[in-house]
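This document starts with one chain, in the form predicted alone, laid out as C-alpha cells.
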C-alpha cells in the first residue's frame, strides 16, 4: 500500500480559501489544533465549517478572520466559557454567516452524509424554536451550492399517518481533519476512548487528513482490527504531530491544559489581548515546534501527560489557577 505520510505544512496547504471542512473532537477533547494553527498562519479565508460541538478550534479560526460560514450545534470549551468569545462577537457584529441545529441533528446530518443518503429523519427538533428560526437567508443559501436549500423539512410519516418527522439535510464536505492517537503510514488509524462523530465526519468528506500522536507499523494496528474505526482507504493523508491537540486533551496521552485555555478565553474577550495571543502563540511562531516552545516547552507539557491507569491526569489542577 502507498505511504500517505506528509508534513503538517503540506497538509494545511491542501486546504484552500473557501473550502468546506469539519474538524474532529469534542469541546475540550482531541481537536486537530496544530493544523488549525497552520491554517491561521497561512491566512486562510472564507472557510465553510460544519460541526456538532466545536470548541476553541473554531473560535480561533473565526477570530483570526478565516471563516465565512458555519453550521453547528454550539461552540464552547465547556467550563472555560459557555460560548466561544470570538464566535459570539462575530455573530453579534454580523461578521459571519451561520445556521444552528441541535447537537443530535448535526450528528444525524453527518451520519446521512456518511451513509450516502440525502437526509436523515429525526424527531428531536419537533417543538423546538430551532425549527422555527432560520439564520441563513434564501439569498445566502442560493449563493453557495454546498448549502442546503432549506434548513429542514417537516413531513408526515408515509408508514404511520399522523406521525410527524423532521428531515435534516446530509452534510458533504471537501475536507475532514481528525487528530488520533495512532496511525500507520498507510492510513489505518486507532482512536482510543470516545470517538464522538469523527467517523461520520470522515466518511462524508472527499479528503480526510489525519494528524497523529504516534506513527506505528500497519501490521501492529491490524492485529486488532475491531479497534480501527476507519478503513485505510478512507484516509488520504497522515501527519505525525505529537502534542497536536494541545491545549486540548488526547485520551491516554495527555490532559487538556487548564492554564492555556484560561489564558485563551481571557484574551479572547478583548480585541487587543486576542491579537496579542495570536501573535505570541500562533502567527508569531514559525511552526508547531515553535508553538510548543511558546506555551512552555517540555516542562509544561510533561505536567499534562496522562496517568496510564486513568487515561487522563487526575491530579491536574483545574480550578483557582492564578498564582
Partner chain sequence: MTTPAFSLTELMAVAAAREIADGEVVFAGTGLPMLASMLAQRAHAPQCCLIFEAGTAASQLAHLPMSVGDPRVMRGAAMAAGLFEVFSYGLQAGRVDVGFLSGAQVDRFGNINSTAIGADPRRPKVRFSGSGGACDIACLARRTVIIARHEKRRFPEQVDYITSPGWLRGGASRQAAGLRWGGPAAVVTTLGVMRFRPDTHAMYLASFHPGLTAPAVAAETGFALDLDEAVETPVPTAEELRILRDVVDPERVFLQ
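Because the structure is predicted, anything quoted here is derived from the model rather than measured. Positions refer to the first chain, counted from 1.
Separately, the form predicted in complex with its partner chain exists; it is not shown, and the next lines address it.
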{"item": "Heavy atom of each of 75, 98 and 135 within 4.5 Å of its partner chain in the predicted bound form", "value": "yes"}
{"item": "One stretch from 36 to 44, 293 to 301, 270 to 278, 254 to 262 that, in the predicted bound form, holds residues within 4.5 Å of its partner chain by heavy atom", "value": "254 to 262"}
{"item": "In the predicted bound form, residue 240 touching its partner chain (heavy atom, 4.5 Å)", "value": "no"}
{"item": "Residue contact check: residue 69 to its partner chain in the predicted bound form, 4.5 Å heavy atom", "value": "no"}
{"item": "Heavy atom of residue 8 within 4.5 Å of its partner chain in the predicted bound form", "value": "no"}
{"item": "Its partner chain contact in the predicted bound form: residue 288, any heavy atom under 4.5 Å", "value": "no"}
{"item": "Residues in 212 to 230 close to its partner chain in the predicted bound form, defined by a heavy atom within 4.5 Å, in order", "value": "222, 225, 226, 228, 229, 230"}
